[in-house]
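Coming up are structure 1 and structure 2: the same protein chain in two forms, each one given alone as structure tokens.
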Structure 1
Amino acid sequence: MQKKIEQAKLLLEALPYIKKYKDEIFVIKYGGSAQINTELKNRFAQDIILLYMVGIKPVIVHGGGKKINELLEKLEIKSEFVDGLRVTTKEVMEVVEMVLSGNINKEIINLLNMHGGTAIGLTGKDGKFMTASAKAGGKYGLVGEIETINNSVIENLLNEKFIPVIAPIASGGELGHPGYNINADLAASKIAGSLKARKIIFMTDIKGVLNKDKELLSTLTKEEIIAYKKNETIHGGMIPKVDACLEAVEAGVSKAHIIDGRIEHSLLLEIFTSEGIGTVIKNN
């Protein structure tokens, strides 16, 4: 009986958040172990369907670097990284699109549909949803910077009760252009800002942003981030993550979250509990 009472308490704790977030858009950047581990994949799908069922409007943006690397190796196509970005030739771009929009995107859609949702996949090429231009004047090949986002494409899907699942590939905006490879974190940030989403949530393989004693920083502001970058508390791969968070909140997103996707039901724990489990970045 005590276990059932505890379960009821958990539901009651979630109730104010369910009321608060009904009809709100949440953009979720799906990556890391949660996108690879079979058990975590199913937990992720369950979390998304629960959000969907209580009236939240999830929009999923995914990456797929590991699978892209695997296929490039199988095909013996060389790929190099400069400044942490994959230099994307036309040959590499074909593989990127094949993996992201053909393999991973369809796997996520099928997973969500099998758990009771109605998911639909797209890239920036669909419906002229997202256009881009070459980053740094083409220094990284077909790596792009987003120029335009057509919100009506996503809004129409949400209005029809679909769960959009977005592969971060943008249109080049001209006939015959192979398209652009977009960093998934930055794509999620731009999409969230454009849609004025209530939240953007980045699923990662770490607890969140940590201090120098490896303790979780539960909340951060822009000024704190600047200071932590300066003293190298925030460094390496965490820098683009927090930058994407800042870009989103400065574009009108209420809060950005960095959470550990290795924890089962991490999305629910972050959204529907008072303490949460990750780092929240918000405007001052």
Structure 2
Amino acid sequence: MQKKIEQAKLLLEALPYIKKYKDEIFVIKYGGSAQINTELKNRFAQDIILLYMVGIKPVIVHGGGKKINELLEKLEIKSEFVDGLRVTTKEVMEVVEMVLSGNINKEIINLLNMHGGTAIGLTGKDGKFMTASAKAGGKYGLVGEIETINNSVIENLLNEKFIPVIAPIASGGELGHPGYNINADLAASKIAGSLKARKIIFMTDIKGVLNKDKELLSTLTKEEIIAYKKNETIHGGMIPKVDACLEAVEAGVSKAHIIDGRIEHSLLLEIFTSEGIGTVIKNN
């Protein structure tokens, strides 16, 4: 009996958060690096369904760096990273689209649907919901910078109780254009800002942002981010992630979190407990 009472108390601990977040949009960036094994993927899907069942509106944006690398390697197509972004030729773009929108997107949808949700997948090309132009004048090839987001596409899906699952590819806006590869972190932050999301959460393969001594930085300010980027404490894939956090909070999202997707139920731990995990960035 005592154990049952403890369980009930545990459930009640989540109550203030459930009240606070009901009907709010949470954008969750599901990093390719956090999509590790079947067990963790199932835990992720359960967590999303729980959020959904208590009235939170999850919008998922996913990455897929590792899988893209694997297929590029198999096909013997070379690609390189500059400033944490994948330089994208037309050939690479085809693979990016195949993996993101064909393989990973459908896998996540299937996972959520099998766990009791009604997830629907889309890229920026669907309903022309996201358009882009070449980033930095084409320095990174077909890496795009988002120009427009048509919110009504996502809002309609949310109103109809769907869980949108977005692959970070944008329409090039003209006939025959292969589309743009958008860094998933930056796509997530743009989408979160434009939907006026309450929170954005990045699930990745590390505890959060670490300092030079590999210690977790549980909070970060804009000034610290600038300094850590400058001295290369923050490098590679963490660069677009912290940029995305800043962009989101500056666009009105109240908090951006970077959490360890390798930990079981990391999403629930972050959202429904007072301690939280990982790194949080707030607008100051």
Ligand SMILES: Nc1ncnc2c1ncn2[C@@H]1O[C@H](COP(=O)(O)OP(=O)(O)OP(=O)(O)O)[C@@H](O)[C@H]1O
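Sequence positions of structure 1, starting at 1, serve as the residue numbers. For clarity, a rigid core is taken as the largest C-alpha set superposing within 1.5 Å between two forms. Quick caveat: nothing in here was measured; it's all calculated off a predicted structure.
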### Query
Quick one, which of these two is the form predicted together with the named molecule?
2
### Task
Tell me, please, whether between the two structures the C-alpha of residue 247 is shifted by 2 Å or more, with the rigid core used for superposition.
no
### Query
Comparing between the two structures on the rigid core, is the C-alpha shift at residue 83 2 Å or larger?
yes
### After fitting the core, residue 238 CA displacement of 2 Å or more between the two structures
yes
### Query
Following alignment on the rigid core, what Cα displacement (Å) is computed for residue 226 between the two structures?
4.2
